[in-house]
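Two versions of one and the same chain are coming, encoded as structure tokens; call them structure 1 and structure 2.
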Structure 1
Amino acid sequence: MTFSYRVRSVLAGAAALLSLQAQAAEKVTAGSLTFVSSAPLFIAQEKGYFAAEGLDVEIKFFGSAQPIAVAIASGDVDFGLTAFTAGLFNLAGKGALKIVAAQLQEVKGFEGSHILVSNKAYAEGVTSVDKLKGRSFALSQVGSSFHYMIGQLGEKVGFKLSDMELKPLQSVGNMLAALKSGQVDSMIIVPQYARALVNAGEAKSIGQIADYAPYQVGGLFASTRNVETRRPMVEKFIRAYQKGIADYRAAFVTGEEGREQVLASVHKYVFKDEDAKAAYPKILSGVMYIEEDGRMDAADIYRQVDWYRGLGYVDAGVKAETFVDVSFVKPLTQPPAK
């Protein structure tokens, strides 16, 4: 590890020298999922915000969040944009990566994830959040954001995690199928899927998570190596990312300014197999809140790490202060004072 680290640093140094000499754009790779949640990245790419910063960004796509984090740790990608999981915190805690800016956030007053119950469970009387106690709950994986959400929800309305029968089903597709068929009683899911299920009469929504437990859903990750040795490049990347967020917010969050153009940029990556007419409404239904300038709810990230650690899903040695880096973007909330 030490050895390859050294080799990579040397190579990175050599590459930097070469690019300086050639006055060419600095090559950077970013890992992402093909979800609307990565829209600021796509917008920055399409509108040339990265190029304007002198960065030549290649976006690599992944099937799920975990491999992105692993790819950052292994040095295969420089940045990653994805939701927080306990696994990610463990990886970050081992010193491989840092959280440098915010991605999605669940905030009161902006539509976010719905708490759904199956029609069967609803008929049995699970008509409000407090009645979830003792019911089964679908999640993708242990230590995923679904896990955190149900835990937070329970704390707010008065049930313990151990009261719930947790069903890890590996994928959102499995979760939806299990809820539809009544094999699980409940789940929490982003509006895009929640609305589809509710409109089709296949499940009932009994509330939104943000009304009970608003939280920082995801963030922008950078490898520790880059933060330490290529800080100017990281700053440039974040600046371009923030411009992407500004366009995203203008078009979707605060109004409809430039919406068509932003939709066109996002459509190049999301639902790109479908024509604009079919894709645009889907993109719009996938929109969730992103804070201005990518400012993090740092206090919440600390809370998440503590919560997972309490359950044993995050190693005892993992400390949020070692990887939540608020030096690039002024945070929305300050980390707890130590």
Structure 2
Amino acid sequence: MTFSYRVRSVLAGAAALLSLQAQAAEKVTAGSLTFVSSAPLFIAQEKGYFAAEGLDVEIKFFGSAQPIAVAIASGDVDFGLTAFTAGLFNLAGKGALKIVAAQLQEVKGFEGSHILVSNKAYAEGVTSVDKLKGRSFALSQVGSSFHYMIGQLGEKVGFKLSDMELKPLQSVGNMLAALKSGQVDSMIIVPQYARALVNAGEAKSIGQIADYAPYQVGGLFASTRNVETRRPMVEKFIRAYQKGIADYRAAFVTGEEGREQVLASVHKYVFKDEDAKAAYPKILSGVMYIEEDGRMDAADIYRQVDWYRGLGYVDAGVKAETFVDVSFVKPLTQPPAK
């Protein structure tokens, strides 16, 4: 046997092995927004954490949170990573999905979503949150996280939802455009976009939601079908996601370990049309708090469901205990006693 033949045999064997491994990888789809808050998902993908678990993950992007929940219910995606909404809770209450881990949180002392007003509204005297009463407010959909945040803010500073002119604009892009043009007076948005608007002189920040109403903004969702019939796959996905969180926290929350590599991973999804010099500062400005291991504030999720139910946006029969699944990740706070 010649040396060249042996080399060809080894290479052929290696190629066959790689082909078998690729065929064996379990295909999974995940829905997300192109927000820095989804960074652990992007990191896990780019650093090979999903692949190491034997998962072939395809990330699909959406314009707002609500459609991701619908996509899980319809079977178009297996997982979702985004903010909680009334629509998501309704679908979960009907048995479509489970909340299995945390995404970002609004935490006092850590930059979070900004309360913005248009330049026009600011010039008219809307210079603090107590002056939002009677003004218009942009949100993606009724029952969205934006809806929840303005409701919580109002309760803290003394106005009701009925005091506001709520304008559902269907997507974050539409919200941003409406604020910049003065078509709406106010909105609440993650720092990734808030800082860009403020730095460009296109809006004013009058506070942060965490200073008034800290809460569990979003989570990682899995279809109930997958939790019940493909639990090992769900466990693998969560393990890879947790590794992404660990890298995110090391780079942005607790220090700067591996920051350049993490920024490079996130940049492939966030501000990807800009060069690194322009994009990296924007990514850093969008960093928000994510709890270690994706531990969720389960008690707060129960409160959110109750709030939406009280307004009629969540059906009366929807119970958080049927879909807040703390069996995968130890929660930050326990669900309330039944």
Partner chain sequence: MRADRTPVTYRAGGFSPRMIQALGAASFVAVIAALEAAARLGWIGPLSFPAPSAIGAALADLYRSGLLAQHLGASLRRLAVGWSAGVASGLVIGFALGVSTFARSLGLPWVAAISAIPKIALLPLFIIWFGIGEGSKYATIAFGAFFPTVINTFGGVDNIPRNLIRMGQSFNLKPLSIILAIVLPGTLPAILSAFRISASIGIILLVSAEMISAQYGIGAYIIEQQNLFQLDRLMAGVVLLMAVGLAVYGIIAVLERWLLRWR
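Start at 1 and count along the sequence of structure 1; that gives the residue numbers used here. What you are looking at is a predicted structure, and each value in this text was computed from that prediction instead of being measured. Under this definition, the rigid core comprises the largest set of C-alpha atoms superposing within 1.5 Å between the forms.
Note: the form predicted together with its partner chain is the first of the two, structure 1. The two forms, fitted on the rigid core, differ between structure 1 and structure 2 by less than 2 Å at the CA of residue 250. Residue 140 shows a C-alpha shift of 2 Å or greater between structure 1 and structure 2 [criterion: core-superposed Cα displacement of 2 Å].
The two forms, fitted on the rigid core, differ between structure 1 and structure 2 by 2 Å or more at the CA of residue 186. Its Cα shifted by 3.7 Å between structure 1 and structure 2, residue 156 is reported here after superposition on the rigid core. The two forms line up on their rigid core, and residue 205 then has its Cα shifted by 4.1 Å between structure 1 and structure 2.
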